[in-house]
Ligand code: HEC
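First, one chain by itself: the form predicted alone, in structure tokens.
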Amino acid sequence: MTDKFFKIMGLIGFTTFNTINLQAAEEVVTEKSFWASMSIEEQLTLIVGLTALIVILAALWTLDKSVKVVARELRKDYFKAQGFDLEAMEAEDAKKKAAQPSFWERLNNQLTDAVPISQEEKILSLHSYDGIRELDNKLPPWWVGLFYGTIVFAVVYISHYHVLGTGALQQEEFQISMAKAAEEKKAYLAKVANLVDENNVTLLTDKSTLSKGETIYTANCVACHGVYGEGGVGPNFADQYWIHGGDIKDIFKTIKYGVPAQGMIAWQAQLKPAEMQAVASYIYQFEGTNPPNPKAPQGEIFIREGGESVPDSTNVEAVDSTLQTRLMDN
């Protein structure tokens, strides 16, 4: 029973190991582990089931030991009633037990299928090389089992990936990994975008950012600065004159902290850093345009980096097409 117990436990361990390996291969496709895909109730059920299995096996092992003890006592009582010499019998049993190999010796024999040295003449090969003869030992059972295991694994692998098509091949895994990396990059950039401040803000000229900036400008800035940046209650953005500086960092800072003394609120409580960068980049593009009814210049002439206060053709083209259309119509 003891040997059977260890064989059963070994079979359970082998099955569990292979299940984990197959599940690891599936994780590339599902992007979610077997354990994580289960609900709390299912996880508890699995844990309770495995615990119950272990308890049952331990109970069977204990029961086997108990039955053997009871059987041994019954055997003693029987032989005693029959008038046998129990001491002589126990001595004989002890002698036989001592002659039996230990657990580790039996385990080694099962794993290697080794033949005792005293019986090696039975497996001597018939051929001889210069008087040297070989032992015809069998392959170790563990090695044979592993070899057959690789064959089974190969069949399962080919069926899983190439016949049934239930697993992702390398090209699919690559595409899944790239898509996942793109999502992680997008999340990272979104996180980094909200770390922008007046010290590291940069001018953005891509259409999506300028479109976002236009939306924010239309919703919050038009009332004071005009649709085309021509000015109103607030200053004109289209000329070269700036009260608080016309660099992208200056514009961002003015939006962030506002100018309470002149009626402009601080927008840092209502807009995220990325949103303030977008609207600052949109406002930056107004300089050098020709809006209708521009407000008189305020502040001082600000020469932007590079010695030019008017955006180059690239930046002009980067202004939202809707704004360009409005300016041409006027």
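It should be emphasised that the depicted structure is a prediction, and the values quoted were computed from it without experimental measurement. Just count from 1 along the sequence shown to find any residue number.
Separately, the form predicted together with heme C (HEC) exists; it is not shown, and the next lines address it.
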property: Heavy atom of Val259 within 4.5 Å of heme C (HEC) in the predicted bound form; result: yes
property: Contact of Trp267 with heme C (HEC) in the predicted bound form (heavy atom, 4.5 Å); result: yes
property: is_contact(Leu60, heme C (HEC)) in the predicted bound form, heavy atom dist at most 4.5 Å; result: no
property: Contact of His225 with heme C (HEC) in the predicted bound form (heavy atom, 4.5 Å); result: yes
property: Of Ile243, Ala114, Ile176, Met89, the one that lies within 4.5 Å of heme C (HEC) in the predicted bound form (heavy atoms); result: Ile243
property: The unique member of Ala238, Val201, Leu204, Ile255 whose heavy atoms fall within 4.5 Å of heme C (HEC) in the predicted bound form; result: Ile255
property: Answer range among 89-97, 162-170, 134-142, 215-223 for contact with heme C (HEC), defined in the predicted bound form as heavy atoms within 4.5 Å; result: 215-223
property: Heavy atom contacts to heme C (HEC) in the predicted bound form at 4.5 Å, residues of 281-299 in sequence order; result: Ile283
